[in-house]
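A single chain, nothing else alongside it, follows as structure tokens in the form predicted alone.
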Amino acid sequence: MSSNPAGSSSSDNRPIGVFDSGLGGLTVLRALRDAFPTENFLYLGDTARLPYGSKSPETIRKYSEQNLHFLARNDVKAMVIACNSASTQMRDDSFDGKPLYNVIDPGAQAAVKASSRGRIGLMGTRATVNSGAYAEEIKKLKPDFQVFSQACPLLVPLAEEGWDADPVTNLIVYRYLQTLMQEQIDTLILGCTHYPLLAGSIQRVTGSSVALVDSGEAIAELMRNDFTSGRLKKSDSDNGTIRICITDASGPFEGLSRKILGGDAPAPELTNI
């Protein structure tokens, strides 16, 4: 790719780079594509090394930096860490001179805005929960708010298998959320980008009185502000494109990517980082 943005001086047609350990980040990509249909996107799923949520902070950061370098080499104009576990270790607002977005900060801001009684639940991987990143960010914004966390390690493989409507998934979600519901939460952060795929099962447990916070929608809102302020330049394309790369062949990836993004989702390309 050329290092010079295509288009006029007031536009930038280079893609927005998005990475996750697997396919969960496609829920963030979907939210960004829906919000910015003329933008181009490059998605990297590090399927060779998933899941990140059970790995050490040092390993997660090393993998994340390698993924970001891959996106930078492909001349993206901005980067999105569409992984909560990786976001806990990469909280900078830029990388290699490009705007960098994580899911923690906008997710925490959205939860505070949605909460009616200051009782926020968090479901996530062990790495995300153990980091305390969401609670720390929420306390900065609202010191009197309470955050109740629950690690849900079984949910990522269920989402990867496409078992979003399976009775087994409903039972496991219920088991995980029992403790949080006993705390009378009014808002629940879906602290893993796989979890929006299981939103139906989750909402059946929480009921409509609990607001669900989706990281993808929160990042889209933050990025919308940056397009308005000029931190990001819009593409002048009529229709945006999506390119998907993965680091290892994954049987269910292509089918689930089409389920998440629609039938016109491109086939994933196998790549090295």
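For clarity, every value in this text was computed on a predicted model and none was experimentally measured. All residue numbers are counted from 1 along the displayed sequence.
Omitted from view is the form predicted together with a small molecule, to which the following refers.
Which of these stretches, 240-248, 206-214, 31-39, 44-52, has heavy atoms within 4.5 Å of the small molecule in the predicted complex?
The contacting stretch is 44-52.
Which residue among V147, V156, V129, L198 has a heavy atom within 4.5 angstroms of the small molecule in the predicted complex?
Looking at V147, V156, V129, L198 one by one, just V156 meets the 4.5 Å heavy-atom criterion.
Only one of Q89, T187, T125, N102 gets a heavy atom within 4.5 Å of the small molecule in the predicted complex. Which one?
Filtering the options by heavy-atom distance leaves T125.
Any of the heavy atoms of V80 lying within 4.5 Å of the small molecule in the predicted complex?
Because no heavy atom of V80 falls inside 4.5 Å of the small molecule in the predicted complex, the answer is no.
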